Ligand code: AMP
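The chain below stands alone and is given in structure tokens; this is the form predicted alone.
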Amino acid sequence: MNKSLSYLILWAFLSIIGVFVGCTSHKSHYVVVLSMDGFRSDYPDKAHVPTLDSLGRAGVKSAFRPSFPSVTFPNHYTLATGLHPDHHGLVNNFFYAPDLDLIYRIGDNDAVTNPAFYGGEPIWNTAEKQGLRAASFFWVGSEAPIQGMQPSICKTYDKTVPFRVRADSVIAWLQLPEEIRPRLIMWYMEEPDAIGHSDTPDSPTTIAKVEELDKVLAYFFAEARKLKHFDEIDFIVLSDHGMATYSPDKYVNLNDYLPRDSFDYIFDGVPTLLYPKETYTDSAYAILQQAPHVKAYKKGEIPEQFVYGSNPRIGDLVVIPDIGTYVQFRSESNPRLGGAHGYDNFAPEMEAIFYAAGPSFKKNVELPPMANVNLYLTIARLLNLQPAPNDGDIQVVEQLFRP
């Protein structure tokens, strides 16, 4: 039986026998999810983050394992749908979609708002279909009318909006009249990802940014506690992936090994997706076996643990650098020090944070690392929603909640 189908059957059965009766009714319950991009799982151990520490004591925390590739857009959409990128179709931050004959680029508004790129059902659609209003402040996918729908409240991405202003907006949404108040809110901050890229995750400036974000959280929760229905809100604070430092001595320029004109499309970085001309795949694959600090795979031969390689949008060759290696395919080499993600999603450096606290969650519990495909089911469980097909594991999700 299909894994997702079996979970749906189990979900329906548990609902019938009353397992969820102890949960707050979804009609008087709220879920607020914040993603802080690139917040590595060990940053709280390196920084002074009293708000996150308090959140961990008040609820559940875990290292959060991203899906492969461990980059921003695929993982945020995985968080929204519970599907691996291989299954929802957003297979990288940049890729060619042969089914559409279009290129997806994260800075391209036409691509980002085109619903044809997005498969699966995002949780805001699940909520809206079942009578609950949802709101998004910059969540990946929410700007596109997926299945002809968007959240009732939706913001177009603008990185110039200060983080406290975003927090104020979320509080304002929670203060709306009850009949139009969103029951699900998902909001986003692009740090500490940006500083981690430029200054590396090992830099004091990155740790300072982490501490700055913790102060934004303190402000947000201080305002949230003023709400009359604060005790009806479950809060989740998480990230999409971690960050690793790469160094000039491990830099690889694929232009030193392969001719550019033998490829239809090249999307370099971590990972690198290559779309070779039809007769060149085997030759390019053989050559790539000689390149240092990387592993090259034909699309259908990528290790099973990555759950990646069946989607037609993935290039025929995928180059996965070793941790600490940066890859480009450029006419001029540019080795440098920096931070990157997109590596093996099981590497500790790629682990993100997950904190959850509120009336539904256990208190002061730390769980083993958890795959991020489970967020969709977690929110569905909190709001008593019938989930769409997904790759989550209901048994993992149930560990988060009070008996």
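When you see a residue number, it is the position in the sequence shown, counting from 1. What you see is a predicted model, and the numbers here were worked out from it, not measured in a lab.
Not pictured, yet referred to below: the form predicted together with adenosine monophosphate.
Asker: F73, N93 and E190 - do all three of these have some heavy atom no more than 4.5 Å from adenosine monophosphate in the predicted bound form?
Answerer: Verified in the predicted bound form; spot residues all in contact, yes.
Asker: Thinking of adenosine monophosphate in the predicted bound form, which stretch from 354 to 362, 371 to 379, 42 to 50, 65 to 73 has heavy atoms inside 4.5 Å of it?
Answerer: Heavy-atom contact with the partner occurs in 65 to 73.
Asker: Counting any non-hydrogen atom inside 4.5 Å, which residue from D316, E223, D214, E143 sits next to adenosine monophosphate in the predicted bound form?
Answerer: The residue from D316, E223, D214, E143 that makes the contact is E143.
Asker: Of the residues H229, H197, K295, R164, which one places a heavy atom within 4.5 Å of adenosine monophosphate in the predicted bound form?
Answerer: Spelling it out, the residue with a heavy atom inside the cut-off is H197.
Asker: Would I106 count as a contact of adenosine monophosphate in the predicted bound form, using a 4.5 angstroms cut-off between non-hydrogen atoms?
Answerer: Taking the distances in the predicted bound form, the answer for I106 is yes, it comes within 4.5 Å of adenosine monophosphate.
Asker: Indicate whether W139 is a 4.5 Å heavy atom neighbour of adenosine monophosphate in the predicted bound form.
Answerer: Answer yes; at least one heavy atom of W139 falls within 4.5 Å of adenosine monophosphate in the predicted bound form.
Asker: Could you confirm whether Y157 comes within 4.5 Å of adenosine monophosphate in the predicted bound form, counting heavy atoms only?
Answerer: Looking in the predicted bound form, residue contacts with adenosine monophosphate include Y157, since a heavy atom lies within 4.5 Å.
Asker: With the cut-off set at 4.5 Å between non-hydrogen atoms, does D37 touch adenosine monophosphate in the predicted bound form?
Answerer: D37 belongs to the contact set for adenosine monophosphate.
Asker: Is any part of 41 to 55 within 4.5 angstroms of adenosine monophosphate in the predicted bound form by a non-hydrogen atom, and which residues would that be?
Answerer: Nothing in the stretch sits within 4.5 Å of the partner.
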